[in-house]
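A lone chain, given as structure tokens: the form predicted alone.
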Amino acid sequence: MSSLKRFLRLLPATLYVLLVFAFIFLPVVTLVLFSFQGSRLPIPPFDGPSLKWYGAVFSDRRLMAALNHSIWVGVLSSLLAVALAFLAAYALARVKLPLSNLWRWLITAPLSMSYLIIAMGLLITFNALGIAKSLVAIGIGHVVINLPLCFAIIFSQLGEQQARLERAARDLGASELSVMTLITLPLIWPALFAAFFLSFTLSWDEFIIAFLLSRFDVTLPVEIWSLLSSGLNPKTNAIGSVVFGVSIVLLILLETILLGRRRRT
């Protein structure tokens, strides 16, 4: 009887959680399901499964070029964001600078800003400097939005324990380069990988900055928007599923890295 009462007490909360997850994931499930639809119209009844539209996606030169652009922009901008964030985090964590709290706030401030505001600011700045719209401009924009997140992740891992180990290594005669490569980086490598994967994930499906700062060479989200703006295209379901799949894989890798670190600690 007590188990029945407990079940009835937990039933409303359980149903509420299931409804929330259904509300969040139902559009994604629908997208993935109809990406295997054989006919051109993504409407019931389901006509599949078929890999027809996946084949059409991977044979589309424009989509493959945009996919290649997204990968390169994501990888290079994420590497640069992580490198700059590490240098800033290490400096603010190890050196007692005047107004250090203010510097940390200024670095992380873009996290609270709209991508639209950042994109418009970058567009005005690039126009004033004579920088043309290009993949390079998109990459700079992605560094701007991802560096604060990378900084927050890395700075949180540069605690006093690592600082004591670094001081001990210096007392034993280690050079600054040896301390950095043999002590600091190995201790915080999970944070570096987490920052990189999150940065790449955000760059991978970012649209607003890529749309405003691109001209002829575009990233995948911009190309998908172009397909949608020209009318209903069944290839958008397939390429959307690919984007979703890549994001899920990256998040699983990130969680695996962080879970491994928590188990070791």
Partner chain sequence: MNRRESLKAWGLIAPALLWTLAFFVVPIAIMTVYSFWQRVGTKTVRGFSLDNYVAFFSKTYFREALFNSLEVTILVTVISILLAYPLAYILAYQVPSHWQRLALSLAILPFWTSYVVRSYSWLLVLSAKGIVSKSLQTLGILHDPVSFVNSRMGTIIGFVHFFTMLLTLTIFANLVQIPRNYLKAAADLGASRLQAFWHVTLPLSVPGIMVGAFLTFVLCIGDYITPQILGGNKELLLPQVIMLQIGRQANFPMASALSLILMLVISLVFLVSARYLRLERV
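Being a predicted model, the structure only gives us computed values, none of them experimental. Residue numbers count along the first chain shown, from 1. The term rigid core refers to the maximal set of C-alpha atoms that superpose within 1.5 Å between the two forms.
Quick note: we don't show the form predicted together with its partner chain, though the next part is all about it.
The stretch from 88-96, 157-165, 67-75, 181-189 that comes within 4.5 Å of its partner chain in the model of the complex, counting heavy atoms only, is 88-96. In the model of the complex, its partner chain sits beyond 4.5 Å of every heavy atom of residue 171.
In the model of the complex, its partner chain sits within 4.5 Å of a heavy atom belonging to residue 103. The shortest heavy atom separation between residue 28 and its partner chain in the model of the complex is within 4.5 Å. Its partner chain in the model of the complex comes within 4.5 Å of a heavy atom belonging to residue 243. Annotation: in the model of the complex, residues 84, 225 and 251 each come within 4.5 Å of its partner chain through at least one heavy atom. With contact defined as any non-hydrogen atom lying within 4.5 angstroms of its partner chain in the model of the complex, the contacting residues in 108-147 are 109, 110, 112, 113, 114, 116, 117, 118, 120, 121, 122, 123, 124, 125, 126, 127, 128, 140, 143, 144, 147, given in sequence order. After superposing the rigid core, the Cα of residue 15 is displaced by 2 Å or more between this form and the one not shown.
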